[in-house]
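One protein chain, two forms: both are listed below as structure tokens, the first as structure 1 and the second as structure 2.
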Structure 1
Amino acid sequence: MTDIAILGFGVVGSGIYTVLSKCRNAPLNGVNIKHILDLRSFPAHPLASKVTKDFDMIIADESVSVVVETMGGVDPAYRFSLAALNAGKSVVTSNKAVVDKHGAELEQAAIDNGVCYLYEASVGGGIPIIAPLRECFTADKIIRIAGILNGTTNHILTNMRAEGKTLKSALDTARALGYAEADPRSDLAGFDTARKIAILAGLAFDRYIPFESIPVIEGIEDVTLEDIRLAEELGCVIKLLAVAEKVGDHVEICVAPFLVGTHSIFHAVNDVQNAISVTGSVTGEVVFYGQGAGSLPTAAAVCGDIARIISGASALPLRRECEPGFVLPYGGDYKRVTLANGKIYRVF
């Protein structure tokens, strides 16, 4: 039996209980949720008696070997994660903000204490991408990684194109369906996508890359119905893409709306689906596609990391720090197109 504690019992945290309660496969069938940390109470939930507001009790419980952080935000999630690692407990998280901002420190703490810090669910929801980057491309050299990494913006752009809705109207629809947060600014401005490509590019190119170092971060706030119509006249759709490419001794990164033609796998990726393309010098292009968000897909990715720890995963080697000049704007020579209304778009 493996005792775990869940920090935060919201969409993802509660989804972990659902996934574990249905799983009959080893080693997850031996996982016991011993504590749930949350400021709220859940009197009607089967695990109501497990809920506590006392984090120190979790740290002091020597039977808890894995702490699952699904709180969101940077603080106190970062402090709690660091405390758990220093107490000799492995940490699994879905929190991309903490991974981006404090991942280097937390991975070092995991190494120092002989435990693991794993974060498969921080990018791509239920799409397996972190583990493949770390484990399946070791015999290859990754040249480029690109993707649609935000289901909210992809749903909005799909809705605008298919239904002729304005961005505001499409956002309202996304909210009504539960695809958009009450405050969607991080999604619309491209910051959520930037954090995710920073994590992926850091793994692909062996660096810690904070998203603030990405020189071009543009969102979809200025995309109009006219832009979408003019793009269609060119045989293209507009997608918010993140692209990171190794060029010589540096990496070029960009997050922006792109014109995407039918030749690209991203052209047919619609609604809340995500797609991530990894191009290696040996394997060529490999594409990961699936639901990039949601309670159960993300919870399944968390549970996959728990299973890795139970099965004997060890702390991974540290990546190098990102020295000045390593990150540059993506592709100074890539194609741009000026639409009939004067708007300029990058082309993928």
Structure 2
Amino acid sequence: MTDIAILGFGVVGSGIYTVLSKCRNAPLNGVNIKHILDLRSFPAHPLASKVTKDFDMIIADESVSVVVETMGGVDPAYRFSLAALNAGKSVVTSNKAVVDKHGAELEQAAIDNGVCYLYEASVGGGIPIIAPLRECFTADKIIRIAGILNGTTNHILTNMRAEGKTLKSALDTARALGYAEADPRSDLAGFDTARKIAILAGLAFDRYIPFESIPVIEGIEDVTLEDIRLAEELGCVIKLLAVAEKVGDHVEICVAPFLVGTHSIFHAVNDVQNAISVTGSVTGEVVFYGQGAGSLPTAAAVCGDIARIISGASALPLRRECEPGFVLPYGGDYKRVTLANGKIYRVF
């Protein structure tokens, strides 16, 4: 039996209970949720008696070997993760803000304490992408990563196009479905996508790339129904894309809404689905597709990391710091098109 604690019993944290309670596969059938840290109580939940506000009690419980951090936000999630690692407990998270801001320090703490810090669920919801980047491209040199990395904005853009919904009403639907961040401006402004491409590019190009270093971050707040209709007249859809490409000794990154034609694999990626294209110099293009947000797919990715730890995963090698000038703006080569209403979009 492996005792775990879940910090934060919201959309993802509660999904872990649902996924684990249905899972009969080893080693996850031997996982016991011993503590749940949350400021709220859940009187009707089967695990109501496990809920506590006492983080120190969890840290002091030597039977807990894995702490799952699904709190969201940087603090106290970062502080709690570091304390858990320093107490000799592995940490699994879906929290991209913490991974992006403190990943280097937390991975170092994992090495120092002989445990793991894993974050498959921080990018792409249920899509396996972190482990493939780390494990499957070892023989290759990645030269480009491009993708739709945010389920909320893709859901919104799809709803605007297919049903003529306004951005605000489409956002309300995405929030009700549990896709959006607690502060959905992070989705709309492209910040969530930027955090995710920072994590992926960091893994691909062997650096810790901070979100702040990404030079172009544009969201979808200004995309209108008229833009979407005019794009359709050109045979295109509008998608919020992140692109990171190795050029010489630096990497060029941007996050922006693009016009995407039918030739692109991203054209048919709709609703909450995400797609991530990874191009290796010998492998060529590999595309990962699946549900990019939502309780159960994201919880399943968390559970995959728990299983890795139980099966004996060891801490991962550290990457280099991101030296100044390593990340530069992307898009100089992109063709830009002016729609009939005067708005200018990059073309992918």
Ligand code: HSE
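Worth saying up front: this structure is predicted, and the values here are computed from it rather than measured. Residue positions are counted from 1 along structure 1's sequence. Take the two forms, find the largest set of C-alpha atoms that superpose within 1.5 Å, and that set is the rigid core.
Between the two copies of this chain, it is structure 1 that is the form predicted on its own. Residue 207 is not among the residues whose C-alpha shifts by 2 Å or more between the two structures once the rigid core is aligned; its shift stays under 2 Å. Positional change of residue 108 between the two structures stays under 2 Å at the C-alpha, relative to the superposed core. After superposition on the rigid core, the Cα of residue 165 moves by 2 Å or more between the two structures.
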